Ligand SMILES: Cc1cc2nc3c(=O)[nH]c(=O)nc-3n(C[C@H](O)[C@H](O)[C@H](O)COP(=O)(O)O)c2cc1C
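Next comes just one chain, in structure tokens: the form predicted alone.
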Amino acid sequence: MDIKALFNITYGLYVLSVKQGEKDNGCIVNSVMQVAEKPVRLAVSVSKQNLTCEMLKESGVFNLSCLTTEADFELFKRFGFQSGRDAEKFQGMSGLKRSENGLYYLSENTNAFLSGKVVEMSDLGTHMLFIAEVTDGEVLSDGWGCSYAYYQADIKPKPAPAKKKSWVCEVCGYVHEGEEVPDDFVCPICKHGKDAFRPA
């Protein structure tokens, strides 16, 4: 299967933030959809490998920061390419605010934030689907929403030409050097397998 076909599904990109006890955490998500109007409900899909998913299952509340095209790759690295098990993702950031639910949201490089309270969960195998009632929200700017396609074309760095034979992960841009990508290889950055790699 050509994984690029999935890139043509229209996705926005968001920072999903959670809090459990004294720990704040968050991750990049791209599967968010309004699924009901009265009451307003959202569906949010989160990888089960993420600490954010585990924390959301326990706490049941979250914020979504809707990223704009002004977001840079450093923001995606902070929330998408490291684990909250090893890093304090919000440490040292500017442009952070807390909403009424006590969770962080990003006030820069975003056009809105939404707060949600989980009312249903469904295990989808690799991901958990959370259905949540929207409890708060605010428009923050008139910036254009950052789509997944925009991220792939205009934010994610292009791999530098390699002298050795190399393979690039089409999801995150990681470059693997070697004659072949092993069948059991897992990208150390985004955790996708061999199928996500193409010759650089």
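Just count from 1 along the sequence shown to find any residue number. Since this is a predicted model, take the numbers as computed values, not measurements.
The next section is about a form of this same protein that is not shown, the form predicted in complex with this ligand.
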Of S83, S122, S107, N101, the only residue with a heavy atom within 4.5 Å of this ligand in the model of the complex is S83
Considering non-hydrogen atoms and a 4.5 Å limit, which listed residue (L140, V61, L51, V168) is close to this ligand in the model of the complex?
L51
Taking heavy atoms and a 4.5 Å cut-off, does T68 contact this ligand in the model of the complex?
no
Within a 4.5 Å heavy atom cut-off, is F113 in contact with this ligand in the model of the complex?
no
Can any non-hydrogen atom of Y151 be found within 4.5 angstroms of this ligand in the model of the complex?
yes
Flag S47 as yes or no: does it have a non-hydrogen atom within 4.5 angstroms of any non-hydrogen atom of this ligand in the model of the complex?
yes
Just to make sure I understand: among 123-141, which residues lie within 4.5 Å of this ligand in the model of the complex, judging by heavy atoms?
H127
